[in-house]
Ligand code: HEC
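One chain is shown next in structure tokens, namely the form predicted alone.
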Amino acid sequence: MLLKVAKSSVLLVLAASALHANAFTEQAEMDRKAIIKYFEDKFEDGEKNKDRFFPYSTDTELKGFVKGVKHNDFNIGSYAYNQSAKDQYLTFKDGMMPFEDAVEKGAQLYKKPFANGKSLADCFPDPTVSNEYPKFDETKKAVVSLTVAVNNCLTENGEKPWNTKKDDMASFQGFLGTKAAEAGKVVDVQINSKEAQDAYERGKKYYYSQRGYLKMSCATCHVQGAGQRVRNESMSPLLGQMTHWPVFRLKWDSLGTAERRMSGCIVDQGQKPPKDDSKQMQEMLYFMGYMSNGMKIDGPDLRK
């Protein structure tokens, strides 16, 4: 019941704001500001809000939650409010990260010549642009994630596409993410046409739609359920979910793309995930990307 109430409150805010749309980005901006307020209110004081947002957490856990978490704090996911997990995370960050070799490989791939003499550097002359993805391609009238953009570059130059979830793809994205973070870039997903606006709305609908035999949505865990404990982990928030890709998950023991993680999440919902280069996957990532607009790139990063 509590989850249904929380979900309804967010959706009502988003639906009501649609009445005032008069530009391509106005609705999306209202959505983004509403979700920022929702999470800042939710994590202002976990112990105080336990009856509304933390029905499965113990008092001891809630007392250990960080208070007064603000917008840009969420770019490190659940570490923003889970103090014990944050302490472990910062300990890892102080040492050598397990993905450093992969990022170095990505730097080599960036300059490695194709058979035609060109390289990925010709497609991505500015290596700090990962913050702009997913982006809406106004020529193709479709959303293009960084993963799809990389494979488009490869195939257009006569090369074979890479695995969309890991290996060379994740290593190369790790290099781009590192460059964007070093340059101080923030997520900057644009909506510049009616077609792009429609793609955003479809992505939002997919994120909030219940599906599979468990009748869950992405929002079940990452909006209403953010901060709640599943086994020994606190679920991460929608806000900031696109700031840190690719991610090195301890469970994977390797870097993985956003598509890899989203596919796994959808499987957990009890549904077969859409293909990584499908319209559904791309548009869902587009919505998620816009929700992280203005937040610092923190990738590649480490997650459990």
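Position 1 is the first residue in the sequence shown; the rest follow in order. Given the structure is predicted, the values throughout are model-derived calculations rather than measurements.
Omitted here: the form predicted in complex with ligand HEC. The next part is about that form.
Against ligand HEC in the predicted bound form, the set Trp245, Arg261 and Gln269 is in full contact: each member has a heavy atom within 4.5 Å. None of the heavy atoms of Met30 is located within 4.5 Å of ligand HEC in the predicted bound form. Leu90 falls outside the set of residues with a heavy atom inside 4.5 Å of ligand HEC in the predicted bound form.
Within this chain, Met284 lines the site of ligand HEC in the predicted bound form, having a heavy atom no more than 4.5 Å away.
Although the partner is absent from this view, Ser57 stays clear of ligand HEC in the predicted bound form, with no non-hydrogen atom inside 4.5 angstroms. Heavy atoms within 4.5 Å of ligand HEC in the predicted bound form are found in exactly one of 245-253, 63-71, 30-38, 43-51, that being 245-253.
The listed set Lys105, Arg202, Lys165, His222 contains one residue whose heavy atoms approach ligand HEC in the predicted bound form to within 4.5 Å, identified as His222. Among Leu120, Val148, Cys218, Ala85, the residue placing a heavy atom within 4.5 Å of ligand HEC in the predicted bound form is Cys218.
For the stretch 173-211, the set of residues having any non-hydrogen atom within 4.5 angstroms of ligand HEC in the predicted bound form comprises Tyr206, Tyr207, in sequence order.
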